[in-house]
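Same protein, same chain, two forms; see structure 1 and structure 2 below, as structure tokens.
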Structure 1
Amino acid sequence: MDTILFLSHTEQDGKLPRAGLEALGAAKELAQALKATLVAGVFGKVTQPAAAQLAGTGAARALAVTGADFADARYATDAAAAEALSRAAAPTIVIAPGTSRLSRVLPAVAHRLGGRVDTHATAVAAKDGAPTLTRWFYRQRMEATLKRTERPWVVLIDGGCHAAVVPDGGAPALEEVPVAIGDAQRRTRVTGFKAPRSDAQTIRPDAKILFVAGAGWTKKQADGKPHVEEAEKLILGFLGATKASLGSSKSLVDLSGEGNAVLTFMSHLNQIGQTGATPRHPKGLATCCHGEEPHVVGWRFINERRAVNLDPNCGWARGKADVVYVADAFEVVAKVNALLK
């Protein structure tokens, strides 16, 4: 019989991250479908608050690795904690959220356990009594369903792919698993975070809409001149009014990187596409982007797509967006902003 370990770190407040609650939902469903035993394992500086979130999942055991050494997302200590929890649970399958913290260590932990890993899963299911997984290949250009024979099988599930569990009933007691940490595992110190200025924080994973700006915003317009300052005002105006998340084409962020007069709030972190992010939002509005294939792969998980482009033959018009407005984005966004006021 399978044993499924749900594995996650906690946040600074001791609770599971949202993606953790989603992965827990997937683990719970898979355990039911496979008639498997579910075990939960959490680690962090504080773990007790997570116990209440495990309530009602049917977990046979709830394990924890707790302490100051596990406060920060550091490879050596996170790998040690995840390894210890896995050895204590002796699972055949490990289900974990694909947070940056777990993505950094779990492939290595799978190797330590003599198992195998798959990342960026969008779904797990049971087929003929065996687990299967779905994920994308070639930067979201094709989707595969696969299974493995080696165990343990460690699976990282991408955020936004499964409904989060709703805790129900009493919190299980957490069993502490001891992990000894030595100086060798403290060679790295996490010293802080670098966030953009709060007015420049344009990446909002939970936004209802993704606004994507392309290089067209910086190009010469009908009067033969670029209007970069106006473009900045219009884009920031739209983001302010809609609380949209800001994406960019590769061309536009590359221009910024090369020191051209461009949108000052744009960085490589905004880039979507083949070599950028593939965010999940219900809606997306592309402006001044041509809509070529390497760009469009960044839209894989955007449900409703609209675009504004001067060029009626742009890539977006060829079956990639739901609606393409052949129009000047400067004029359209100015009007949109006025209506939203």
Structure 2
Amino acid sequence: MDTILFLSHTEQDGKLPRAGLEALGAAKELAQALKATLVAGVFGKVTQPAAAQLAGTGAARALAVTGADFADARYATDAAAAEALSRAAAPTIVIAPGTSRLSRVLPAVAHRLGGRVDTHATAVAAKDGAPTLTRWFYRQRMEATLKRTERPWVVLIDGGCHAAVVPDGGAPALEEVPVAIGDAQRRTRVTGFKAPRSDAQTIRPDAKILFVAGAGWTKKQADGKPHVEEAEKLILGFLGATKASLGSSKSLVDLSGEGNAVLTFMSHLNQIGQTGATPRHPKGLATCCHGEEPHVVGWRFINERRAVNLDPNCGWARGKADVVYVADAFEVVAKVNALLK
């Protein structure tokens, strides 16, 4: 009989990250499908608030590694905590969220345990009584279903791929797992955090809306002149009012290398598509981009797609968007911003 370990770190407030709740939901469903034993393991400076989020999952045990040494992301201490929790649970399968913190340490932990690891999984399921995972390859243009015979099998699930579990009932009692941390494991120290201003932050993975700007924003407008400064104000005004995440077509981020006018806050990190990111927001709004196939590849997980384009025959109008507004994006966004105020 399989034993499935859900493994996650906690945030500063002691709660699980959203990606952790999603991975917990996947672990719960897999345990039910395989009729396996589910064990939960969490680590961090504070772990008690996470216990309440484990309610109703059917976990047979809830393990925790708690202490100031595990407050910040640090390879040595995170790996020690994850290894201790895994050995205490003795799992055949480990399900964890694909956060940057866990993605850095769990491959090594799998090696220490004599197991195997797979990252960027988008789903886990039971097929013919055996666990399987699904993931994408080649810029997410090919989908594969994988099985492994090696155990323990460590699986990191990408965020946004599974519904977050909803706590139901009383919190389970946490069993503390002791982990000895020495000075050698404390050599790396976190001295502080640096983050961009809230109005400068344009990539928001948890945002409900993805706003994508195309190269049309920097082209000549009806008066024969480009209006890049106006475009910047309109786009930043929309992002500020809606707290949307900003995406870009490849043609727009490539303009800087061609000596053309560019949006100063745009970089290749905002690129959506075959050679960019594949976000998972509930809604998406494309403006001034034509819906070319390589760009639309990045929209495969957006639930509701809308586009604004002056060309009624653009790619978005050919079955790639739910709604296409044939209009001037400058006028549309200006009107929306006015309404939002």
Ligand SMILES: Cc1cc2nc3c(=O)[nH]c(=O)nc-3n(C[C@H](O)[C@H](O)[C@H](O)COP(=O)(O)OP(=O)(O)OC[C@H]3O[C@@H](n4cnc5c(N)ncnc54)[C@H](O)[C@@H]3O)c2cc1C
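Here the structure is a predicted model, which means the values were calculated and not measured. For clarity, a rigid core is taken as the largest C-alpha set superposing within 1.5 Å between two forms. When a residue number appears, read it as a position in the sequence of structure 1, where counting begins at 1.
- Comparing the two isolated copies of the chain, the second one is the form predicted on its own.
- Once both forms are fitted on their core, the CA shift for A36 between the two structures remains under 2 Å.
- Comparing the forms between the two structures, the C-alpha position of R61 differs by less than 2 angstroms, with the core used for superposition.
- Relative to the superposed core, K320 undergoes a C-alpha shift of no less than 2 Å between the two structures.
- Relative displacement of the K233 Cα between the two structures on rigid core alignment is 3.6 Å.
- With the core fitted, the CA of A286 sits 5.7 Å away from its counterpart between the two structures.
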